[in-house]
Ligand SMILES: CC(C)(COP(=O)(O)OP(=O)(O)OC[C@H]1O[C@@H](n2cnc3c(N)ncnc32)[C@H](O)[C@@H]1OP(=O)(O)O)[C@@H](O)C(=O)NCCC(=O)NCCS
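To begin, one chain is listed below as structure tokens, in the form predicted on its own.
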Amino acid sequence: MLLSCDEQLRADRFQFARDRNRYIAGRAMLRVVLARQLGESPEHISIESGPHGKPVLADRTAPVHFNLAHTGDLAILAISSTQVPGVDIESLERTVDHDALAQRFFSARENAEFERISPATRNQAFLARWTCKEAVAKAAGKGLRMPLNQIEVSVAPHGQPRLLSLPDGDARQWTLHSIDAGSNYVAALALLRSS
């Protein structure tokens, strides 16, 4: 089996077989792709958790940064040797109270922009901004521990998103990209120039 003992134990803790199988498939895919990048066998890749739970290579000198996200049966993986990636993907079928969540997790400027969006496209607009914020938080290694209302992004309807500001960082070090994951999904990639 490709998974480490720790990964197998974590997989065993999932209550539902569907979730367990998704976790196993995602981790196996991650190991295969990382192995190709590093020239090693998948079972010899050592992955550990960073200070806030972000998966990282145990060999911190390896020139590879990665991030994995999934929703339902769809997963997205980003790997880079020159930048630190963060990815997020959400299904447009996901029902959320986007107005309440925007009030809590968007900045005042983002909320003002969001309120001008027509109700028919609000769910997609909310998820486009949300995936950008979460991708940045994941690349930063803090995940949802990072205050999302302080990660400020601009999401143009037909252009690439842009990071405007974030806590404890320089937005100029970042690039954001919308990812076409199909008509039923919204996905984003955040890239932080590695030092």
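Keep in mind it's a predicted model, so treat the numbers as computed, not measured. All residue numbers are counted from 1 along the displayed sequence.
There is another form of the same protein, the form predicted in complex with the named molecule; it is not shown, and what comes next is about it.
Though the partner is left out of this view, K138 does reach within 4.5 Å of the named molecule in the model of the complex, counting heavy atoms only. The named molecule in the model of the complex comes within 4.5 Å of a heavy atom belonging to L68.
Contact annotation: P167 falls outside 4.5 Å of the named molecule in the model of the complex, judged by heavy atom distances. Although the partner is absent from this view, L144 contacts the named molecule in the model of the complex, with a non-hydrogen atom inside 4.5 angstroms. Shown here without its partner, the chain carries F126, G159 and H177, none of which come within 4.5 Å of the named molecule in the model of the complex through any heavy atom. Residues placing heavy atoms within 4.5 Å of the named molecule in the model of the complex fall in a single listed stretch, namely 23-31, out of 23-31, 36-44, 150-158, 57-65. Counting a residue when any of its non-hydrogen atoms is within 4.5 Å of the named molecule in the model of the complex, the hits in 29-63 run P51, H52, G53, K54, P55.
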